[in-house]
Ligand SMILES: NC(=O)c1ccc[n+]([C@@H]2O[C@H](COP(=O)([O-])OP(=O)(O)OC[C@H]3O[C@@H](n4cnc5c(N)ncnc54)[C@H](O)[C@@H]3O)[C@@H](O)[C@H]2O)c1
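Okay, here we've got a single chain as structure tokens, the form predicted on its own, with questions on binding and movement later.
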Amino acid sequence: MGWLQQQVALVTGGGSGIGRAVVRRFLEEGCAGVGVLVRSQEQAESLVKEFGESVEIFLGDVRNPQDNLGAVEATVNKFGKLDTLVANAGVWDFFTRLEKMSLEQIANSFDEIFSINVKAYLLAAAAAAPHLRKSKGSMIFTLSNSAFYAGGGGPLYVASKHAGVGLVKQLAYEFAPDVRVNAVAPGGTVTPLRGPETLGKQENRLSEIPNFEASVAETMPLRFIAQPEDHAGHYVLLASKRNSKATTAAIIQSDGGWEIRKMRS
């Protein structure tokens, strides 16, 4: 028996990386179905090929209010309810420093990064809220070690993830006692996280950085770089109505010990 028997979830950005690992693990833990909001037809077809009728795919943009509403409605129409929202889509700035950007790039990239990493979470939360109140469910946001520490990206990315901390706390406050709001903060992970179009990095992928895996593993006290599935159990715990009944406004750090990364040479 899994921890999420007969629950229904919606995962944004669930076509690859951590989002897809969460979809897979939720179904393994007994979910009756999982809605997935993705932008790519290729990802949509791949999800259906792997999971079949257990998923409801909605093609859209997480920055679009109607697409968030459409993904929620499609999930509820197919599976009858919604117990958990996982707001997971994200974009990374590839360590782009402030002085490496023009004023125009700063303005445009701020809009793009915050639209995906912050605004999209607000839109998903607002769209899902009525159904989550009804089911006494939960919201789970994907943050980052950059939500707490410098050095995991450039100023735009780090600021967006710090904003996510405030978002978790404020929404937990606003939705209590009906809906629990929590987050998972992964560290360096082998994922195809893309860069911003406004910086010309939309074709760049985190996992394709030369020596990325080895350099992250060497930096971490636990001496390995995480795979997406290494974080998925935290989402299961936070989604579980039995095992996290008393948990809200919490952020689980799943970052290989980033805070103590200088403890060994």
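We number the residues from 1 along the sequence you see. Since the structure is predicted, the reported quantities are computational estimates derived from the model, not experimental observations.
Just so you know, the form predicted together with the named molecule exists too; it's not on screen, but the next bit is about it.
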Answer key, the named molecule contact in the predicted complex at 4.5 Å (heavy atoms) among Gly137, Gly153, Gly164, Gly188: the residue is Gly188
Answer key: of Gln43, Thr219, Ser240, Ser54, within 4.5 Å of the named molecule in the predicted complex (heavy atoms) is Gln43
Residue contact check: Glu213 to the named molecule in the predicted complex, 4.5 Å heavy atom:
no
Checklist entry - Even though the named molecule is not shown here, does Arg194 get within 4.5 Å of it in the predicted complex, heavy atoms only? => result yes
Can any non-hydrogen atom of Asp61 be found within 4.5 angstroms of the named molecule in the predicted complex?
yes
Please determine whether Thr248 contacts the named molecule in the predicted complex, using a 4.5 Å cut-off between heavy atoms.
no
TL;DR on 103-111, 142-150, 164-172, 77-85: the one with heavy atoms within 4.5 Å of the named molecule in the predicted complex is 142-150
Taking the named molecule in the predicted complex and a 4.5 Å non-hydrogen atom cutoff, the residues of 115-137 making contact are Ile116, Tyr121
